[in-house]
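Same chain, two forms, each on its own as structure tokens: structure 1, then structure 2.
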Structure 1
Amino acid sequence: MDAQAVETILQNHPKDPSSIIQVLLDIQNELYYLPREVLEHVSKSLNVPLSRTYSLATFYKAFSLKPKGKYPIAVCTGTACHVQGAVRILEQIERELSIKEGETTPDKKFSVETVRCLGCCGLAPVVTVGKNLHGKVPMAKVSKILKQY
């Protein structure tokens, strides 16, 4: 945990319980997850019960209690992407990074997950890396996409 980064984030927000979601978002963006000790510290600093902080951290998809990579990879497995080979794309990514879905690389650079739909079925199969969307991804292009990051 980067205690100084967490303190800086807390200092940039009002010491008020209403700022908790923004504080957690900023910490998530900095650390790529919310460690338990950080949740405890935020709760104490903002005078919010730990149960409330934990509830928010587990409710919203934007938060993770497990370490995520700097570049989260999402492979769409919705119907259109599935039909166009999304499972093979996911398997190729897992092989290249030596991790499985739901895991993070040891260097914390990448994490991999599947999503049910990204809303761009005409571009199937679709993969996002961070905020970048890659459409009509052929197996041969997986390595090239990963090397960009």
Structure 2
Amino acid sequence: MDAQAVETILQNHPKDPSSIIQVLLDIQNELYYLPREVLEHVSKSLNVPLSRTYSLATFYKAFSLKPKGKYPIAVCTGTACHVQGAVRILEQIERELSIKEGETTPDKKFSVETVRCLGCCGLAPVVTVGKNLHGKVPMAKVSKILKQY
């Protein structure tokens, strides 16, 4: 199934080395991470050395080499969220899930990461869980939010 999805993505972009970041972005969105075999396949298809593909996959923050949870949690740490206590929110989530930033829960349900500004600073502090955005998150409501999933 992965192979088919990757093939479709490759067909949506010009078969040119400059397409590689766009292709990897689509794959990341589809699979939530970049498996090694996929990187090898993409490298061959677009004629990009594997070393370059690897350097791209590790340089850009959007890419992950490890699988993320079904609901990736992103805590916004932009300035507005920072002054409204984003760090404490992150710690509370880490405590609730017993994992650290960058990790995935053993049941593969959640993973936690921080992101730079999501651009809705009026709602700070902001947390996204999967595709849902939660704004003005109070510390004490963190566990309640996680229980919705």
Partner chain sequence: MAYRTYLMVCAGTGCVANQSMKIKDKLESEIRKRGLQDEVSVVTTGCNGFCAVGPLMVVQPDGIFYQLLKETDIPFLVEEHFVKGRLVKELLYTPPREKAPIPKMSDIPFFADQTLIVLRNRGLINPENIDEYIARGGYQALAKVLTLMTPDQVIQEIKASGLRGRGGGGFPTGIKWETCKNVPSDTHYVICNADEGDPGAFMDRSTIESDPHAVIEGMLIGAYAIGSREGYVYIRNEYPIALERLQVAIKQAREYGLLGQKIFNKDFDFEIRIVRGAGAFVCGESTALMASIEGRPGEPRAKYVHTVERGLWDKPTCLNNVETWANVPQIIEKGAGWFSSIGTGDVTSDAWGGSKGTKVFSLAGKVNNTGLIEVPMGITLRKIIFDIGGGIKDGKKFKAVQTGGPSGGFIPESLLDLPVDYEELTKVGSMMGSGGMVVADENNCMVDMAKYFLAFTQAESCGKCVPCREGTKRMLDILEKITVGKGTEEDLVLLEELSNMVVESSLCALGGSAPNPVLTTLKYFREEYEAHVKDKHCPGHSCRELIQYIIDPELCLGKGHGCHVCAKNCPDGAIVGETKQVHTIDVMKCGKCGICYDVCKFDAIHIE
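Residue 1 is the first residue of structure 1, and the numbers go on in sequence order from there. Note that the rigid core is defined as the largest set of C-alphas that superpose within 1.5 Å between two forms. Worth saying up front: this structure is predicted, and the values here are computed from it rather than measured.
S.K.: Please state whether structure 1 or structure 2 is the form predicted together with the partner chain.
M.R.: That would be structure 2.
S.K.: At which of 47, 67, 30, 52 does the chain hinge as its rigid parts turn between structures 1 and 2?
M.R.: That leaves 67 as the hinge residue.
S.K.: Would you pull out the angle in degrees that the smaller rigid body rotates by relative to the larger one between structures 1 and 2?
M.R.: Treating the chain as two rigid parts, the smaller one turns 30 degrees between structures 1 and 2.
S.K.: Rigid core superposed: how many angstrom does the CA of residue 22 shift between structures 1 and 2?
M.R.: With the rigid core fitted, the alpha carbon of residue 22 is displaced 10.1 Å between structures 1 and 2.
S.K.: Please state the CA displacement of residue 35 between structures 1 and 2 in angstrom, with both forms fitted on the core.
M.R.: The shift comes out to 3.2 Å.
S.K.: Can you give me the Cα shift for residue 57 between structures 1 and 2? Core-superposed, in angstrom, one decimal please.
M.R.: That residue's C-alpha sits 5.8 Å away in the other form.
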